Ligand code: BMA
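There is one chain below, alone, in C-alpha cells, taken in the form predicted on its own.
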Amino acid sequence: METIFHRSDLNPIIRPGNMPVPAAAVLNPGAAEQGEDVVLLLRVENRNGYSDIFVARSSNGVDGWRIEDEPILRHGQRRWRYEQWGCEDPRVTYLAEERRWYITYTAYSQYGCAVALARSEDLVTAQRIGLIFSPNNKDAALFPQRFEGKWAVLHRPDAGGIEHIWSAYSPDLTHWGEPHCVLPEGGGAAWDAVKVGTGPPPILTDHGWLLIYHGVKAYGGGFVYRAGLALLDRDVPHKLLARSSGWFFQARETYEVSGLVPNVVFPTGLLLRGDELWMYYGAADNWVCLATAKLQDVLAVLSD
C-alpha cells in the first residue's frame, strides 16, 4: 500500500534556504491552483521560533518556486492577540460560491492553539475573519461546497488528550455548531492510536469525499506521524464510509526521518490534477515535499 504514492525526485522541493527571509524551517503547506500556477501557502518558522504564512508559486508545481518577500499572514499583529506566537499549518479551499479562497490555520498564543479563518480574493493579501474554534483545537479544513445550505469543516479538538476528528456546520462561515465525531483515534496498539488529525481539505470523488489524515503512535517515548485514508459520504460529510486498515505513507527517506522533529510526514495540501493526486506535505517539520499517485489506486485501497 505504501507504494501507491511516489515521492518527487526533487524532494525536498522547498527548503529553509530557499526562503527570501532567514528561516529555521518551512513546512506543512496548503495547496491551490490559480490560473496556470500551483500555489503553496507555507508555514515558515523564523529563527526566533515564531511562524508566519508565506505564498509560493510554481508553473509546474515542482520547482522554480517564486516566493513572496512578505507573509500573507503574519503573527504578532496588535489586533489579533490569539496569533501572538504564530500563524501555522494552513489549509486552503476555494469556495466557488464565494469566489474566494478561504484559509484555515492554527492561531498560536499564550492562550493555546485555536482555529482561525481568513479569506483571499487573489492569494496575495488576506482578510482575517478571526477564530472559529477556541483552544485547544487545530487541523481544520473546509469543504468546498454547502450541504443543505450549510458550510462544513473538519477540525481536531483536544479533549484532555483524546484527539478525534470532528465536523461542524455553519450558515455564514462565522458561527459554527452541530458537532459530530467523524473519525476517532485508532485506539489500543493501532498505528493511529495516540491521535488523528485532518490533512488536506477533502476532495470529491465518484465514491464520496476522499480524506487524507495523519495518525500518531508512540514508540519508546517518541511520536511517529504517518498518513491514512478515509472516505466520507458525499451528501452527509460527517458520515464515515470507509477507512484504510493501516497507514499508506510513512517517513522513509532521510529528509523525513531526520529533521527538527524526526519520523514525521504531515500532508496538508492535495490537488487533483487530471487523474493524479498531488500530495504536498511537511517532512520532519523541516521541509516541504511532494508525492503523487493515481486517484484510482488510492480509491482501491479503500475498497479492499
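From 1 onward, residues are counted along the sequence shown. Remember, predicted model here, so these are calculated numbers, not experimental data.
Just so it is clear, the following notes concern the form predicted together with beta-D-mannopyranose (BMA), a form of the same protein that is not shown.
The listed set Leu40, Val264, Val44, Met279 contains one residue whose heavy atoms approach beta-D-mannopyranose (BMA) in the predicted bound form to within 4.5 Å, identified as Val264. Contact annotation: of the candidates His155, Lys195, His75, Arg226, the single residue with a non-hydrogen atom within 4.5 angstroms of beta-D-mannopyranose (BMA) in the predicted bound form is Lys195. Of the candidate stretches 57-65, 25-33, 233-241, 248-256, only 25-33 has residues whose heavy atoms lie within 4.5 Å of beta-D-mannopyranose (BMA) in the predicted bound form.
Among residues of the shown chain, Glu83 is not one whose heavy atoms approach beta-D-mannopyranose (BMA) to within 4.5 Å in the predicted bound form.
Along 270-288, one residue reaches a heavy atom to within 4.5 Å of beta-D-mannopyranose (BMA) in the predicted bound form: Asp285.
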